[in-house]
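One chain comes next, on its own, written as structure tokens: the form predicted alone.
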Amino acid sequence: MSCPVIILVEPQLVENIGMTARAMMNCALTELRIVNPRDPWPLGDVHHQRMMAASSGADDILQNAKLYATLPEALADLNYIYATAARTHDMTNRILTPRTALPEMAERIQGGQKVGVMFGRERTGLYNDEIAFANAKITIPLNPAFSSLNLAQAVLLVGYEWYQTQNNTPGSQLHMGHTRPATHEEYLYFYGRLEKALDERGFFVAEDMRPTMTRSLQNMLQRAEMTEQEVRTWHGVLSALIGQRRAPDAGENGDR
């Protein structure tokens, strides 16, 4: 799938261009366009080295970046354009958050459109005349008392939301290494040993409360979502506490 084009309008610092490329690479964005950068292009050796160092290895994006003298030239082949800006301007805008804008971008791109996102200068952002070129505006909701972002940070936040439209990573998962989730039978076997040991040592002092206490103990064990190895470890703990040695085939292998 194609991706949005990132357009930097008159960036001032080569380090920010490099960090933008790094943010793009993090988020699988590949096409960078640069409009009238402050430093002459191609860069001299010192500026080039500073930019590449800031990119942390995102060389392909920088080597394939396209340079434009004017913004209209950079936007000419795009079907839909988003402008990023924090301030409210004296014009009617369709304003979206990145979380809303990026799924919409994905739909447009899947439909064959070429989409671009404009980012303005580090100090002043985009001018009103430049925002007027856009079909919609993206505003990143941040602390109203301090919403200033570094250029590369803004690209990263937009890029992150883009990557989420393509990403299927589970929101939560338990890494178990070389073991597996414990079975219900393994839980019950361990609980049986635990209850027997507690009973023998007088834990259940009030017989009428025993059903409630046993349910609570079982519930705690089930909520723990233990692995098979963890259940075996607890068998070992219990054996050590009650001074009992058990055969390996009964659920304990001696691991602690």
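So that there is no doubt, residue numbering starts at 1 and follows the sequence shown. The shown structure was predicted, so the numbers you read here are calculated from the model rather than taken from an experiment.
One more form of this protein should be noted, the form predicted together with another copy of the chain, which is absent from this view; the next part is about it.
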item: Contact test in the model of the complex: Tyr163 vs another copy of the chain, heavy atoms, 4.5 Å; value: yes
item: Partner contact for Cys27 in the model of the complex: another copy of the chain, 4.5 angstroms, heavy atom; value: yes
item: Any non-hydrogen atom of Asn128 within 4.5 angstroms of another copy of the chain in the model of the complex; value: no
item: Glu230, heavy atom within 4.5 angstroms of another copy of the chain in the model of the complex; value: yes
item: Region of this chain that lies against another copy of the chain in the model of the complex, out of 77 to 85, 106 to 114, 182 to 190, 92 to 100 [heavy atom, 4.5 Å]; value: 92 to 100
item: Contact set, 123 to 146 vs another copy of the chain in the model of the complex - heavy atom within 4.5 angstroms; value: Ile140, Pro141, Leu142, Asn143, Pro144, Phe146
